[in-house]
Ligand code: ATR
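Here we start with a single chain on its own, the form predicted alone, put down as structure tokens.
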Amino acid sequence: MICLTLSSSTLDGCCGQIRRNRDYIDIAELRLDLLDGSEAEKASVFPAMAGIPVILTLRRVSDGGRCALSERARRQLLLAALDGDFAYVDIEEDVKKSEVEAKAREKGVKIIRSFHDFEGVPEDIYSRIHHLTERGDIAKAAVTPHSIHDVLMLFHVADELKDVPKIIVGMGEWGIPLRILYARTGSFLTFACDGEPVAPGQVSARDLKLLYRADRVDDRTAIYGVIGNPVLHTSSPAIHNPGFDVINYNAIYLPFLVDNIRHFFTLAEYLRMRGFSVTIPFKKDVLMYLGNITREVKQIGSCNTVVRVPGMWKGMNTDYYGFLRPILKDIEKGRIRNSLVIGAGGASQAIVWALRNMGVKVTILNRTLSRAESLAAVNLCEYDTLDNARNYEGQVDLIVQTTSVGLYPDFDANPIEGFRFTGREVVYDIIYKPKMTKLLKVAEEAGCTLHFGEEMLFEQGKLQFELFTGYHYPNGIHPLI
């Protein structure tokens, strides 16, 4: 089930949130601690107003809530609310047997026993979850993973506690895969928000239902994703998931924040992933874990697509073709003959190789000159330091920006600040969020032709889709426009 955590300060406002999200949710959580005082006192009427099952929660400040009442006053507020027909009540791990628990049992309200850890993932998490079920109907653990290893440990809950009714919540950025793939942790529901997250890392109910189809994930669902650091800004799920839906493929594509490639491959094996996209900074790091690579990966030295084949992982590179498609006609017509490539990282490797393969002269500009020199030596092109960018004013047809400068949170940054465009240049920034980087804004003011990162993302994503599924990307889907 998808559970909407209600965040309005009034009962009417909470009903409005349910109405807005009714097509996406199965159940709601009423947080008494987020209601105004007078509204919380009337909470017993809410289940009749809601029209769907409701979880009753009154979260203390120590557990991430706003309730600063004494424990006695908090208990009285919960008791009064239980006059209504709530389906569940959430009682914290350290709360001893009380009138609240007795009243819930008497009324047939199921008890969720929960604990919250905003610092990390406790080493004894499996035993703590098991003990919670001895004092309630359902165990809930809301913890804060800080690494891909922590995420793997939380997915293992499904095996370690197979027959235990439970809810596993991964809070923060690292926990997002756990929220989306909640069924793979053995959780019977996941918490969602109505826009602004109520808890760290919450995904909107709309995205869980429509973008990820999270409530349809089962043991047969093929799992794909994108790995990187950062990665949560990605638009790739909006390319692949609608495509899966159109071809009626039981699959899901989601982002994985990664800090350790070896640990991620362990997670990928555990989840039986079929493939994944690779972005900054892991396009080289994945190579040592691949059993087979294509000619493009071998020549470029960079991999952006990994697919499971019998007995091994195979690496491919769709950046090459995805980058070229938007500018191919200009190259073929001779409009683009020489270029500046800003950056010498994993993405620039595919771009430099693509341009050289098409006969375009390339000069690589990079802050660290030795990296530019290494990339230039492999591709037989020129190189220079980024500080000398202005020496190339009016000398090139194409400028390609491949670094993370201009990406969140550096929206106001420009890697070639002060560069004067003539207006004849084609300027291509592979960043796609934001669409209009500061570099592109300056280029637009000068009258340059612009190409956006979302063009490359969509083109290379369509090629990845074919590698993942064996089908051409469906016509008529334009998820990034």
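C-alpha atoms forming the largest set that superposes within 1.5 Å between two forms make up the rigid core. Quick note: we count residues from 1 along the sequence shown, nothing fancier. Note that this is a predicted model, so its numbers are computed, not measured.
Quick note: we don't show the form predicted together with this ligand, though the next part is all about it.
Contact with this ligand in the predicted bound form, defined as a heavy atom within 4.5 Å, is made by none of Gly225, Ser235 and Ser277. Residue Gly343 is the only one of Gly175, Gly243, Gly343, Pro255 with a heavy atom lying within 4.5 Å of this ligand in the predicted bound form.
The contact with this ligand in the predicted bound form, taken as any heavy atom within 4.5 Å, belongs to Thr403 out of Thr403, Thr190, Ser339, Thr318. Here the chain stands by itself, but in the predicted bound form one stretch of 300 to 308, 87 to 95, 117 to 125, 343 to 351, 343 to 351, has heavy atoms within 4.5 Å of this ligand. This ligand is not drawn, but in the predicted bound form it has no heavy atom within 4.5 Å of Met153. A residue is said to contact a partner when one of its heavy atoms sits within 4.5 Å of a partner heavy atom; Lys110 fails this definition for this ligand in the predicted bound form, lying far away. When this ligand is considered in the predicted bound form, Gln202 lies well away from it, no heavy atom lying within 4.5 Å. Proximity of Leu290 to this ligand in the predicted bound form falls outside the 4.5 Å heavy atom cutoff. Although this ligand is not shown here, in the predicted bound form the stretch 207 to 234 places no heavy atom of any residue within 4.5 Å of it.
When two forms of a protein are overlaid on their rigid core, residues whose CA moves 2 Å or more are considered shifted, and Ala347 is one of them between this form and the one not shown. A movement of the C-alpha atom of Asn260 falling short of 2 angstroms is seen between this form and the one not shown when the two forms are aligned on their rigid core.
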